[in-house]
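Shown here is one chain on its own, the form predicted alone, set out as structure tokens.
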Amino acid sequence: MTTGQVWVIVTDDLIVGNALAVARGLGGPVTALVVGSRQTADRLAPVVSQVRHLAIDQDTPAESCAAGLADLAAAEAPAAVVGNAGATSRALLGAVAARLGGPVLHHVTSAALKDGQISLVRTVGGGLAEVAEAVDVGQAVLAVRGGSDLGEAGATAPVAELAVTSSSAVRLTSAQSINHQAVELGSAKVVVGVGRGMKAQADVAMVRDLAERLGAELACSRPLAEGAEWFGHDRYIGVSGQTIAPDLYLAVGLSGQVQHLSGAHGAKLIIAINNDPDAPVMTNCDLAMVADLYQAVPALTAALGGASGVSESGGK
């Protein structure tokens, strides 16, 4: 029999604020199922009804617990299972959904219990539209984007240690930093994005200076994250990347293809800097500046009281 419990699966990535908000919307007690460190479990204890902690050693990826968590879900039948849209969480949610005989529903923004079913709203088409759907209680496995605000703290919930069998088929053999600082773009008020108009990786420093003067987070188009690897994957905006809704989005050297703009359409104000007046971004922004970014960006930075120099690859 399905219980009224709502699970939120959490790894050591604590960007689960939106997942917790969706879970709370279902009205039942929220249990955080933490696969990872005890520190993460303790951090969540004041914002949920219960924490169940599955400790894993440093050589055991969280994904190795997927089958065990799926079996636990089948045995305990929570009303819904929610997690963030990160790669590790998606693997765990996928295993649970397969065991329960349902799909993982992505990009969920809200959910509520109604007429014996879970009614939910999720975005489609890279955030260009919303759809309302219903799923049976007990088969709701929901993936939610990011969110750093965990909610208001209350009484500290108990933390129960959980024994779940993990697979030995996958072991961590090594880890190497790629020197990308993780970021949560979804909560940023100002975002500066760069695209392939940037000539060299060293020139990113020029745009970073401007972002710092604006108090902004730095983001990019997909090719600069997945192709050039100038940025971490959590910094690219688009259909398969981050969806943002800042007060200001400054697009620098971005052509503005629909795959990218669909991730930024929620911005209150979009300003574009591009030397091509016919670039798609120029007709999909609130203010367009037809200019060489290597001249415009230093000028803006200087006007805001910052440095104006760029690397030699930028020419000026």
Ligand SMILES: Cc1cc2nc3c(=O)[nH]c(=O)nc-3n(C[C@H](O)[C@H](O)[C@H](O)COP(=O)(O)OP(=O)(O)OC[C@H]3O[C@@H](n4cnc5c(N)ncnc54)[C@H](O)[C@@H]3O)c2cc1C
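Keep in mind that this is a model prediction, so the values were computed, not measured. All residue numbers are counted from 1 along the displayed sequence. C-alpha atoms forming the largest set that superposes within 1.5 Å between two forms make up the rigid core.
The next section is about a form of this same protein that is not shown, the form predicted in complex with the named molecule.
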Exactly one residue in S255, S49, T40, N284 has a non-hydrogen atom within 4.5 Å of the named molecule in the predicted complex; which is it? S255
Report the residue, out of V137, V239, A98, L214, that has at least one non-hydrogen atom within 4.5 angstroms of the named molecule in the predicted complex. V239
Contact label in the predicted complex: S221 to the named molecule, heavy atom within 4.5 Å: yes
The named molecule contact at D57 in the predicted complex, heavy atom, 4.5 Å: no
Do D292 and the named molecule share at least one heavy atom pair within 4.5 Å in the predicted complex? yes
I'd like to know if V30 sits close to the named molecule in the predicted complex, meaning any non-hydrogen atom pair within 4.5 angstroms. no
In contact with the named molecule in the predicted complex (heavy atoms, 4.5 Å), from 63 to 71, 49 to 57, 275 to 283, 32 to 40, is stretch 275 to 283
Partner contacts for 188 to 202, taking the named molecule in the predicted complex and a 4.5 Å heavy atom cut-off: G195, R196, G197, K199
Cα of R222 displaced 2 Å or more between this form and the one not shown, core superposed? yes
By the 2 angstroms cut-off, has the C-alpha of A153 moved between this form and the one not shown once the rigid core is superposed? no
Comparing between this form and the one not shown on the rigid core, is the C-alpha shift at K199 2 Å or larger? yes
